[in-house]
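Take a look at this single chain, the form predicted alone, given in structure tokens.
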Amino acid sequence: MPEGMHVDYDGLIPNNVGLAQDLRVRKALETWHPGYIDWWKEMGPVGFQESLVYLRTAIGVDPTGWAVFDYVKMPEYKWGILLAPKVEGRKIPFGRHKGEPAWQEVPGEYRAMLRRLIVVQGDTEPASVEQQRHLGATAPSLYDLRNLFQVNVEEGRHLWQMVYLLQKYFGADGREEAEALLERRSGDADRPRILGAFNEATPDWLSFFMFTFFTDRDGKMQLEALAQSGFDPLSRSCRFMLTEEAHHMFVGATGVQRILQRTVSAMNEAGIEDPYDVEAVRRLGVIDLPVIQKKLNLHFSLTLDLFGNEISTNAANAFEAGLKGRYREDKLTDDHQLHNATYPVLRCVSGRIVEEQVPALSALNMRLRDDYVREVEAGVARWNQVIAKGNINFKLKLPHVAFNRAIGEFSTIHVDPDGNILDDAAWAARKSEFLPSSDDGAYIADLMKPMFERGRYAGWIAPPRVGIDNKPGDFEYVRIV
């Protein structure tokens, strides 16, 4: 059996990394475990810790049968450490060490850089759980409540993946970083999470669906880049994490789609043709299309900031070192070193947005972001098919990449969704056209009433086409205590 295929379920921590024989790391993780459970009970889903939830749990890394579904209380979920099977003879696929054997231990000269990459990735996982901890109280159905909790427990498991790497490969420094991952809090003024988007509030279910569509997709892109890493344990960790990440993006894509279906259906039934007649649409108890566009604008722009500066020496250094590659590096056909290559980057020059060719090594963040934008454009196109089928004259679209940016080339200017630069006064006057206003937030909040009756859905969202694990429409996904 290839290394990493067998999963040991006998101990406290399910794993396929040989913890039973690795006594030092097992002790470190078992020492960390109570603090994690305390964090989960304090900062995890509020009000449902004793409820039985129909969750999938990873039991292996074979793609044909890697998970099982069953009822479990979330604090008793089997969080484990699962790495994709080891590829014998794997070589470092990019950078100055291209073609050398992949590292099984931390290369000393890159220790600090590698630790930082792992910590930043690890910090996003508990952050999203904290952001979403209050949403259960307003879930539009048991189906959606279960999906929220599935996302939450898997983000928790992904934290375990990164903590394992820190505990095993970074000694005392790793143990300190692992503790700090439980000490930071999303949105806390004194102990915030590392990345800005993970300190934003997730006040309602439309925000949650937008987050899982846009921000979890950034997570996928980052995991894809780290899966190329020359440090093999990180590569193997991220390769398996990507298996679970797909469901998170599914939740977001289908969640927004179901909201659109319900809005369009209600408009058709009421004979409302003008999508901008917001008051008339809201009287139907559904979410109007213009505010969905505003939420899209917000979450897309917040997520773009997660890619960092368009021109970045840190990204170049990580690539050169062989630690973080490009999206699907193994499918690209260039020399994988980029010393003489260039890449187009949008910049703000003399009050104008222009495209410049820059060294490709410096533009790796921009390239990853471009790959991301192409993916989300395809998703938005699928949403627009729902609106078009309802014969409503409205089309969702991504705002310009310079819109509402806090990091990078466009952080010092104001830009409207079409890419026109605005002065401070014009931005202040028109901001509520582009981003959700307090009135928009209040309207959506008023819709957020729980629907916990089996097979029933809140009036602002359509039922899914199929159930999770092929369950019937009235399946009791959560047995609420």
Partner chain sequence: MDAVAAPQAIDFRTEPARYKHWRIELRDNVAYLIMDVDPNGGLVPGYELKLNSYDLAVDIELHDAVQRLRFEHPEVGAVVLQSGKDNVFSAGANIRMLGQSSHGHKVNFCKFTNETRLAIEDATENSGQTYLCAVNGPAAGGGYELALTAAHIMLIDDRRSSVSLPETPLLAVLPGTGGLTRLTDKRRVRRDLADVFCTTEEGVRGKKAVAWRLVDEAIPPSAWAETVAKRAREAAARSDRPRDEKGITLTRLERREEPHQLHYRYLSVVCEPEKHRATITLRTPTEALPASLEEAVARGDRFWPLALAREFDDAILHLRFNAPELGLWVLRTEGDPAAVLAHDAFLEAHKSHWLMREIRLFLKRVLKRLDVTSRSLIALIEPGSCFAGSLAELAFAADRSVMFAGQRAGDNRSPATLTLGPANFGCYPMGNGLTRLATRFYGEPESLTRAEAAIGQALEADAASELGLVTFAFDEADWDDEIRIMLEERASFSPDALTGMEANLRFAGPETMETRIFGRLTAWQNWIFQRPNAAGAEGALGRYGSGIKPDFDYNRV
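Numbering follows the first chain given and starts at 1. This structure is a prediction, so every number in the text was calculated from the model and none was measured.
In what follows, reference is made to the form predicted together with the partner chain, a form of this protein that is not presented.
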Hey, in the predicted complex, is Ala316 touching the partner chain, heavy atoms inside 4.5 Å?
yes
Does Lys73 reach the partner chain in the predicted complex, with heavy atoms at most 4.5 Å apart?
no
Applying a 4.5 Å heavy atom distance criterion, does Val354 contact the partner chain in the predicted complex?
no
Would Met249 count as a contact of the partner chain in the predicted complex, using a 4.5 angstroms cut-off between non-hydrogen atoms?
no
Listed residue (Ile194, Ala280, Leu332, Ala388) with a non-hydrogen atom within 4.5 angstroms of the partner chain in the predicted complex
Ile194
If we test each of Asp204, Glu154, Glu177, Asp288 for a heavy atom within 4.5 Å of the partner chain in the predicted complex, the one that passes is Glu177
I need the one stretch from 227-235, 110-118, 142-150, 258-266 whose residues put non-hydrogen atoms within 4.5 angstroms of the partner chain in the predicted complex.
110-118
Scan 344-370 and note down the residues that get a heavy atom within 4.5 Å of the partner chain in the predicted complex; none is a fine answer too.
Arg347, Leu361, Ser362
